[in-house]
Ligand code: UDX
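Below, in structure tokens: the form predicted alone, a single chain.
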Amino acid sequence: MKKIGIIGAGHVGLVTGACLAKLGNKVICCDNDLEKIKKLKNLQIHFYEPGLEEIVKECVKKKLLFFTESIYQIVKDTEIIFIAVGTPPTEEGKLDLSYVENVTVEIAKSLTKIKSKNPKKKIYRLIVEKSTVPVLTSEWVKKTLELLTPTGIEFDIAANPEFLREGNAVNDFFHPDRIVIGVESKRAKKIFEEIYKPIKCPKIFTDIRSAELIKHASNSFLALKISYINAISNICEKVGADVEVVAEGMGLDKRIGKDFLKAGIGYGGSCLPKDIAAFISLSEEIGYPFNLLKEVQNINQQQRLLVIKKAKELLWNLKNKNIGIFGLSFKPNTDDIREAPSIDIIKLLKKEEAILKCHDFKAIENMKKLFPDLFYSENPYEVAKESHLLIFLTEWDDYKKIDFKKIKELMKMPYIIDGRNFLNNKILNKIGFVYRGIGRKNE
């Protein structure tokens, strides 16, 4: 059993902490949001992630998982401290590292207050970057700790970037493709080997800078694949080909692979948009203009406009037309709407003075904070009623279970835009819908 502290109880921190506790470690999760900690102590999870609530309740019951608002308690009672605070993007596209800096200072202050129970044994702490940070961040963390931490206390810095996909984060933790760990000492390496011993997958031990870079390089490449297939989808529409067939043919090539070759309205969420912008910014700072990634960003944004173009082709004029939005979260199995394509598309439709009605299985309350004036319903049939057009923006599996015959009877006009190419266009056409996907042949 290791004593582990997690600073930051958000999507990354809470999942990491709960899953480490599930492995048998004693874990304390800390956050400066007192309301969030109060809810967690009452076993109320502040965001939706499949399987997480069950693990939290189990580990709290077994007294393996605890919650606090005190960084001092983390520093005093744990040996391994993961920094999992937010690194939001700035207007320039860089990452705001002020939360990481503030936490580092608080860790140093707390280290000055603790005393070893054994005077002959020096206090040791392993400080781990878990948040997504640009390369060289560890240098600043280390300098800050060296400056503010008293002599007689030993510490190591490490980088252990997360690759947790929202909606699949628990499974990703226990069954990852790989675990990347950047260390600078044999002592730190041994600790990580013990922590992750129960998880069967390749463990990549490297220097800290390479570990930091692997995260941004990986996410940027995935975004590149998405934008590439979206660019291909536009060509497919112009020549009358079907991007689903093209992607299948490409994906069977082992050198390419089928993952992330899904055409649609583009990527969103808290990771890809932020990481691409940060990587572009970092590259410019070191003197390399990453124009390839700039075009990835541009293609991704253009896909939102494509939905409006298709809506106008179907309805001619969008003013005062009833349009049902199905799917608000940036992907299924989460309530997260950060950088969701739905936000941009709703703004564009509002600009056209369309009348919008919205449905989602988990994200309605979050979207209400941005657009309180829209109509929302947890009943998809209520959203479809009297609608001229339905636009599907999130590929929730439950949307496939909708009674589309009933939907058609409720609508004023039988138009559907499938922004994720996940509905069965042949069945919809047979029912009598006019279906439009992204890069798909119209039948």
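So that there is no doubt, residue numbering starts at 1 and follows the sequence shown. Please read all numbers here as calculations on a predicted model, not as lab measurements.
Unshown form predicted together with ligand UDX; subsequent notes refer to it.
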>> Is residue 268 near ligand UDX? Define near as a heavy atom within 4.5 Å, in the model of the complex.
In response: yes
> Does at least one non-hydrogen atom of residue 222 fall within 4.5 angstroms of ligand UDX in the model of the complex?
Replying inline: yes
> Even though ligand UDX is not shown here, does residue 362 get within 4.5 Å of it in the model of the complex, heavy atoms only?
Replying inline: no
>> Is residue 326 part of the interface with ligand UDX in the model of the complex - any heavy atom within 4.5 Å?
In response: no
> Within 4.5 Å of ligand UDX in the model of the complex, do 162, 166 and 215 each have at least one heavy atom?
Replying inline: yes
>> Partner absent here, but in the model of the complex, which of 330-338, 190-198, 136-144, 280-288 has residues with a heavy atom within 4.5 Å of ligand UDX?
In response: 330-338
> Taking ligand UDX in the model of the complex as the reference, which of 357, 321, 262, 310 has a non-hydrogen atom within 4.5 Å?
Replying inline: 262
>> Using a 4.5 Å heavy atom cut-off, which residue among 346, 293, 226, 306 comes into contact with ligand UDX in the model of the complex?
In response: 226
